[in-house]
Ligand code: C5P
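Single chain ahead, written as structure tokens, the form predicted alone.
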């Protein structure tokens, strides 16, 4: 991942990319809703590049010489939201790097935006999203999944204290994003309590209604 050299996105007042050229789908859901699993399916079948905001932040916190590393580490441990300027710049850098490397222009951004001002800032300075894919899952089910994952994940935030903080943060800050975009007709909501296979079938059916087709269908001659 390219290192942060500056926070240029923070001062930009118009998108650097056009939605006609770059397709971004935000992927939201509470911690443990299964976003990563479904993103992997979409990458395989639809040709998306999967960008996990959380993974990018964790990579940056561990990058030698990062001026943001310790700050990111503290925010993540507390289940708090890292300042948007840092997260948005990491995402922009990754989009640029991916386009330069392999020409991909389809992006799933997983776990972002986590607040309304993040959503507004990203769409204002980077590119407007096509829609938000929202995995709807009750807190009790997500808690069970995360505690199970914590047995092997090694992640500092897969413990009951951090999980409770993450749930609270999600409800208070991320749900307003879902609600605003839903009011704009830009949310695809999926029942994430089903098996992963059933969830994916629902995802495929619903995004097809939005004009998103698997790679194999894109190249079928008419």
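Positions refer to the first chain, counted from 1. Note that the structure is predicted; figures quoted are calculated from it, not measured.
One more form of this protein exists, namely the form predicted together with the ligand; it is left out here, but the text below deals with it.
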>> Check for me: heavy atom within 4.5 Å of the ligand in the predicted complex, for each of 95, 105 and 129, yes or no.
In response: no
> Does residue 164 reach the ligand in the predicted complex if we count a contact as any heavy atom within 4.5 Å?
Replying inline: no
> So in the predicted complex, does residue 69 come within 4.5 Å of the ligand, heavy atom to heavy atom?
Replying inline: no
> Wondering, does residue 50 line up within 4.5 Å of the ligand in the predicted complex on heavy atoms?
Replying inline: no
> Does the ligand get within 4.5 angstroms of any non-hydrogen atom of residue 157 in the predicted complex?
Replying inline: yes
> Looking at 132 to 140, 80 to 88, 97 to 105, 119 to 127, which lies within 4.5 angstroms of the ligand in the predicted complex, counting heavy atoms?
Replying inline: 80 to 88
>> If you apply a 4.5 angstroms heavy atom cut-off, which residues in 108 to 132 are near the ligand in the predicted complex?
In response: 111, 112, 114, 118
